[in-house]
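Given next, in structure tokens, is a single chain: the form predicted on its own.
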């Protein structure tokens, strides 16, 4: 997988407005009703990630779930990160 160029990165970021570009990754925090709802959301994200064979870093803090995507094997952001981000965005 090839790392995105700055131009391609800017175009991809425009497709995922709820995600922020942070330290070579993209990150989004989603708030759910409570801890149980946050865990259920993570379960669905995990299923989607397994289907895509691309796995986010996940942090759960009570009702807040922070997802961080980057392609570790490529050393940064690739199109795969944005494909999964858009798939995750379709949940909300």
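Numbering follows the first chain given and starts at 1. Note that the coordinates shown come from a computational prediction; the quantities given were computed from them, not determined experimentally.
The discussion below concerns the form predicted together with a further copy of the same chain, not included here.
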Contact test in the predicted complex: residue 59 vs a further copy of the same chain, heavy atoms, 4.5 Å = yes
key: Proximity of residue 52 to a further copy of the same chain in the predicted complex, heavy atoms at 4.5 Å   = no
ask   = Heavy atoms within 4.5 Å of a further copy of the same chain in the predicted complex: does residue 38 have any?
value = no
ask   = Heavy atom to heavy atom, is residue 30 within 4.5 Å of a further copy of the same chain in the predicted complex?
value = no
